[in-house]
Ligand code: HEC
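Take a look at this single chain in structure tokens; it is the form predicted on its own.
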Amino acid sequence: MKKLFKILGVLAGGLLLLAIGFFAFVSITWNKTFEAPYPEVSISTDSTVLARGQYLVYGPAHCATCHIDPNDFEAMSRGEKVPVAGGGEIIIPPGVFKARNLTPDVETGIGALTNEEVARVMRYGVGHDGRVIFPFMPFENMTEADLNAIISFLRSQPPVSNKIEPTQYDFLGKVVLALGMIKPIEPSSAPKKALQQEVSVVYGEYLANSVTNCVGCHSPRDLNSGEFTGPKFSGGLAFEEPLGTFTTPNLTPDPETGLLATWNEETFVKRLKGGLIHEGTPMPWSSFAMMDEVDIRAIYMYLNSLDPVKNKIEQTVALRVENPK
């Protein structure tokens, strides 16, 4: 028995040393920095370009869903162009992610950053200080015209002084970073210069994958690393929110389990233009309600062109009931 206790003690000591070593490794290496190219940016004051940038920020790219004061959300939902001065939070297992101030304020916004530094964040997910940013913004394949339009619009806005505290990583988040599970993103090919806004599969594919991020939420993913774990657009990603659990539906045209099997084009347009129904949902309904019908119909056409994937989602919304009687 003494021999057994001795063996167990040695094992426990070894495990403790391993745990201490791993903790030290994570503490030393999690705050990595990366190199990434600086995209060329062409800033414009042309009213058409600024209008496109404003449309993307408040509409399909839904920057305003996160990069505004939460107290301004209702006003934004009514169509008011509230300042994108930061303040939103995304709370997932790796930590609490803070949406920064996007106004050109020099001290608290993007005023001290170059246009190329801003573009690098959007295109590669690398901050001005070399830190990697979790892949919340799927803009690596955004066209040059749209990327320029967004930055041009942001530069044209009045500066708002609003200091945003840095993102707070918990130990799991630091482990993910230390192990290199989050790396800079890269365009899958040379980004196109521009695309014609039209009801087409090509334009719908661009929007769904590179602007609206339908693919990011309506696909099985590991929320710790952001890696896709199943067929894209097949749904099933569950978001545990304070008011309930929201599970994304299958957007492929599977006749038995796909959402579009029961939604025609007009139903799809009406729903996206209809805005928010359930409080607490991670879906940016308010921003999507501002989308042009051409964009919505293009996305619908693209989704119907996908290969059907059988993936039945039993319940998309499960709200929590407080103080049930």
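Not measured: the values here are computed from a predicted model. The first residue of the shown sequence is 1; numbering continues from there.
The same protein also exists as the form predicted together with this ligand; that form is not shown, yet it is the one meant from here on.
Asks: Residues in which of 93-101, 178-186, 71-79, 193-201 have heavy atoms within 4.5 Å of this ligand in the predicted bound form?
Replies: Selected stretch: 93-101.
Asks: Would you confirm whether the three residues 63, 246 and 251 all fall within 4.5 Å of this ligand in the predicted bound form, going by non-hydrogen atoms?
Replies: Per the other structure, all of 63, 246 and 251 touch this ligand.
Asks: Using 4.5 Å between non-hydrogen atoms, is residue 39 touching this ligand in the predicted bound form?
Replies: Residue-level check for residue 39: no, no contact with this ligand.
Asks: Is residue 55 part of the interface with this ligand in the predicted bound form - any heavy atom within 4.5 Å?
Replies: Flag for residue 55 set to no.
Asks: Heavy atom to heavy atom, is residue 163 within 4.5 Å of this ligand in the predicted bound form?
Replies: No, residue 163 stays farther than 4.5 Å from this ligand in the predicted bound form.
Asks: Could you confirm whether residue 298 comes within 4.5 Å of this ligand in the predicted bound form, counting heavy atoms only?
Replies: So residue 298 does not count as contacting this ligand.
Asks: Using heavy atoms only and a 4.5 Å cut-off, determine which of 213, 108, 141, 157 is in contact with this ligand in the predicted bound form.
Replies: Selected residue: 213.
Asks: In sequence order, which positions of 258-283 have a non-hydrogen atom within 4.5 Å of this ligand in the predicted bound form?
Replies: Residues within 4.5 Å: 259, 263, 268, 271, 272, 278, 281, 282, 283.
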